[in-house]
Structure formats: structure tokens, C-alpha cells
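Here we start with a single chain on its own, the form predicted alone, put down as C-alpha cells.
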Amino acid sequence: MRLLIASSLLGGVLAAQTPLDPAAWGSDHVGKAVPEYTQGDECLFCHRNEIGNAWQRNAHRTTMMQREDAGALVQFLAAGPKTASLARQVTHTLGYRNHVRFLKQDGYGKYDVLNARIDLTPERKVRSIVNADSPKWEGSAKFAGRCAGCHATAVDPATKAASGIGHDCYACHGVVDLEHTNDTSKIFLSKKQRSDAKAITATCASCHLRDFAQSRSTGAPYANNFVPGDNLFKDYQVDWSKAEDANLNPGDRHVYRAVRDVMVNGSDLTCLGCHSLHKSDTLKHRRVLTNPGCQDCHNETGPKSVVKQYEVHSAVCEY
């Protein structure tokens, strides 16, 4: 009987077990209509103080932004001799930290993608602009087929139209029971509902596994109507060998390894052990003991604020 080894993030305890079938638990909404859900604006009526301010700068919210929020980057595009006329058509931007693409709305929940891309330095200064000499709109099929599932919220399986830009609360919390105001255990990922390691990990994995995973039913690189709490892997097939692929950049390899350890090796350690859901800080990282998983991105010794430098490339995202 073949055995796999899963290691504990905090204690370093090793546990041997038979491999698990990632598709053998839970249910899914593959191919079904997007369920009715409470939108983030309604959530912020109660959560505006503790979440609202930080959320504006959160990487999940900025996966896609309106033109006015992108400001200077659209102005930079407008300054180019061949991109100026196209810049006037931009309604939204895609990406935030290292690479930014430009979009124009093409109907409800659909967006045309400009082939010109701005690459940024860590200080968010413009490093370069790709395709500045031959800019063109590439059509809404690209956004629908590649980008929508991880940069927008609630993509309709039939039309590929996104219900919202960026990640609304639904993207992580799913369909919220309105009675959670009296009992917070009724909302997924609340402090009282974080015991299901598989469901939590599937939610993170629905966007963070990339390039070597796809929907069986659609062939798209993102899940077919994933609702948080579902079993992503009933329809989403993954190349688990990437968890040990030395040629994959450390950040993406870390994601594959963490998800595999839960789904195949039976670990109960989720992304929430180190990563804050609403905040963009590293406080949890600094509190965690050093272990092999940490060393994907951090050095074995020394301050955890020092992160290994590496390049990230994505065929799906075209950078």
C-alpha cells in the first residue's frame, strides 16, 4: 500500500496515510445557475468599520477595478502616442500589484481586453508597457474564457457574464444566511465556522491554483460556478505533481503543495493559519514557527520579513 507523508505546519509532526480522493466529499453547483447572494455593499452596512477601510486596499478587492480607482495608470496609457485613443475607452483595469491590463465594458458582466499591459516595480512605478506600439482590443471572449473566474465574482455558467468586479464577499463567504447576525456560525469562514479544512482550502484553491488546473466540464482554467463550501475538485482537475516541481516558482509551488496536503494527504492545516482574509499584513506569518512549508518563500533562518526573490510567469495570465 502506497503511503504519503503529510507534515504539520506548527508542530512538525509526521503522519502517514493512504492517499485521499479529492472528489470524494461534499457537493457542487457545476453548471447550475448562480445562486442569489448578498452583495458586499449590504455586508459593509454592518462591517464598514472593522473591514471596510482595510478592504479597499486588499489584494482580493483589487483584482479588478473601475477606471477612476486606477487613476495614474490609465493616464500613463493616455500619454502614449498609439494608446491614447484606446485609453479613452477604458472602463476598468485588471490586476494591481505587478501587472495591469485594461478593459472596456462590453455588455453586462462582459469586458473586452486590451493587449497592452503595464508592468510595475515593487514600488508601483511603471517598469515597462507591453504592446505599446501595436495596441488593440482583443474581444470579450478572452476575459470570459480566462480572466473572469478569478478576477470577478459569480460568473454565470451559461453566459460567462460576471455578476460583480473584483472579489465581493460572496467570493469567499458564499451564500450568507441572514440569521448570521444572531449566530455567526451560520456564515462560512466566520470564526465559528473554520473547522472544515477541505471546504476552506477548496475556496482558496478555486483562484490560487493556476496554469496547471482546469474545469473538466468547460476546459476553462477556472472553476465552473464554484460556490464557497462546495467541493471544487468534483469538476476541477489538478496536476498535483506541480507540488514538487522544482521548475515552478516557489510561490505557486507553495500553493499546490498546501492544497495537495489537505486534499490528498489529509492535513487539517489551511491557508488561514498564516494568511489574513481581510487584512493585507504579515502578522500571522511572523507568529508561525519555521517549517519546510514556510521555506518555499522564506529563508530557513533570519527574519521572516526577508522573502526570497523569484519571478512569476503565467501562461493563462500572459506574463
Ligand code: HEC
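Please read these numbers as outputs of a predicted model, since none were measured by experiment. The first residue of the sequence shown is number 1, and the count goes up from there. Here the rigid core means the biggest group of C-alpha atoms that line up within 1.5 Å when the two forms are laid on top of each other.
Not on display, but discussed next: the form predicted together with the named molecule.
With the partner omitted from this view, the residue of C147, V227, I165, V155 that lies near the named molecule in the predicted bound form is C147 [heavy atom within 4.5 Å].
Residue T184 is the only one of T184, Q89, S195, Q75 with a heavy atom lying within 4.5 Å of the named molecule in the predicted bound form. Heavy atoms within 4.5 Å of the named molecule in the predicted bound form map, among the stretches 171 to 179, 81 to 89, 157 to 165, 104 to 112, onto 171 to 179 alone. Taking the partner from elsewhere, S215 is found to have every heavy atom lying beyond 4.5 Å of the named molecule in the predicted bound form.
For the chain shown alone, C46 is a contact residue for the named molecule in the predicted bound form, at least one non-hydrogen atom being within 4.5 angstroms. The named molecule in the predicted bound form comes within 4.5 Å of no heavy atom belonging to E68. Although the partner is absent here, K125 lies well away from the named molecule in the predicted bound form, with no heavy atom inside 4.5 Å.
Of all the residues from 298 to 319, those having a non-hydrogen atom no more than 4.5 Å from the named molecule in the predicted bound form are H298, K304, S305, V307, Y310, V312, V316, C317, E318, Y319. A displacement of less than 2 angstroms separates the C-alpha positions of A23 between this form and the one not shown, with the rigid core held in common.
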